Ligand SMILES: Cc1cc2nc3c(=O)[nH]c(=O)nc-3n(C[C@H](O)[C@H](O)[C@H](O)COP(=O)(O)OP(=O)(O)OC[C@H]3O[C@@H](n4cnc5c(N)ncnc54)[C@H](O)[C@@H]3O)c2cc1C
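Just one chain is shown here, as structure tokens, and it is the form predicted alone.
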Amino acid sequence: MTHDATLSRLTGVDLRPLEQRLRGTLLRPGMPAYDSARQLMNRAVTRRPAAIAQVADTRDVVEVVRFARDRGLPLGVRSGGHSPAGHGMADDALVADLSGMKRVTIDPGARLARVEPGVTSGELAAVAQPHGLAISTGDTSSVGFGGLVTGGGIGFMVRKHGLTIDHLVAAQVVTASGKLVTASEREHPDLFWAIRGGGGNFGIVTEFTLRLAEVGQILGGDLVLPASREVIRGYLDYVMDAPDELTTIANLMHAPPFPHIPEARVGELVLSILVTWVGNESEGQRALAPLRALAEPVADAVGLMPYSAMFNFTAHQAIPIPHCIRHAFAHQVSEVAVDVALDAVEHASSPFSMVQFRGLGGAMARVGAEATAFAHRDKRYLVSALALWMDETADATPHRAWIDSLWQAIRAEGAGAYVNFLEDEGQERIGEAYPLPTLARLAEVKRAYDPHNRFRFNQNIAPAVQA
């Protein structure tokens, strides 16, 4: 099968000079690997880039950025491909695919990890675990570091160890001009501030230096309770007062056919609470007692395990399927919202759809709101509605109607958005991800490092206008 040597019929740019300089692979439509390379985790989104540069290292990233800069080409960036909006690929653009950049170097004595952007949450956890080290990262093993860290990083240990960005010491960044710089508290501190929550607006991070935490065995797993207003209310009230060592993610859903769920209970409406306790086991058991007392558990698969084993409970989330998400940070979750969520999930358009409640606070809240571009430090909850369906060829209309109806009923309770959970929802929603002073500061950093908005296939922040 033949393929074009030019970027697209629209540009007529010859890609061969770039191809000859890359250590990695340049894919174009018609090549055997092109279609699989352009696939994203959200199968509801389909994009056809003009070319995909599967970069091998930082030098390749510099080459791609400079090639796009010199020719005025649209440039996309992919890491793990988990963006709900599908921003990892862009139609008719040259895409820098970082998913093959997977080097991890750990210094156990200094508790430092140097991590390339294609490394996934599960991969870092597996490498760090033998040293008794970890950090809170994405709660699905396949989440790539490139998008995770630049958006913030809310994970299994967020109340004990904060956001992923709270462990960032330095980053290697290729700017829009094709220059490689180090961003840290001492070097380019404005850029260092911006990439901790501002998304991919300011450059391509090719290496993160992260300080790991000492994490040995955890008390973790899945506590499954029958769903009711009382159970959900009890959960929401308790997680805010629980010790910082306890982080939970609760999914209101129909019980799936997992091995730890009795077959007779599959399909019931349940609150599946993913539990991560970092600390003394007996203290952890005492901290879990109020949750276990909310109702007779449907299943209790909580026990001692290495932190990396938590990803076994979310392995199904690493399977690419079509989905939609609407979410909001919240200070409170009202009885009305709980009732709406219960009714919505019970009558969902798909048996896989759910509403998720995350209790926040703890270490995440003890960092100042101005310290990083992620500024929603004071929020108590993150509430998400997820429409999930399996058939990529099925009509998405009923699923989108379900989530839109649910979202309209609860969105007024929201108090901000998490940039990593946004779909293409418009500038207003991007504004909800950042308080006005934060957004204004981000726009100034954008003007300094990407004045022509070359990195725009993201939750985009336009450069500030020169006064």
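These figures come from a predicted structure and were not determined experimentally. The first residue of the sequence shown is number 1, and the count goes up from there.
This protein has a second form, the form predicted in complex with the ligand, left out of what is shown; the following refers to that one.
Residue in contact with the ligand in the model of the complex (any heavy atom within 4.5 Å), chosen from 135, 154, 385, 275: 154. Checking 143, 364, 310, 373 for any heavy atom within 4.5 Å of the ligand in the model of the complex turns up a single hit: 143. Using a 4.5 Å cutoff between non-hydrogen atoms, residue 123 does not count as a contact of the ligand in the model of the complex. A residue is said to contact a partner when one of its heavy atoms sits within 4.5 Å of a partner heavy atom; residue 438 fails this definition for the ligand in the model of the complex, lying far away. The closest heavy atom approach of residue 350 to the ligand in the model of the complex falls outside 4.5 Å. With a 4.5 Å cutoff on heavy atoms, residue 81 counts as touching the ligand in the model of the complex.
Residue heavy atoms within 4.5 Å of the ligand in the model of the complex occur in exactly one stretch of 259-267, 144-152, 237-245, 276-284, and that stretch is 144-152. Interface residues of 27-46, taken as those with a heavy atom within 4.5 Å of the ligand in the model of the complex (partner not displayed), are limited to 41.
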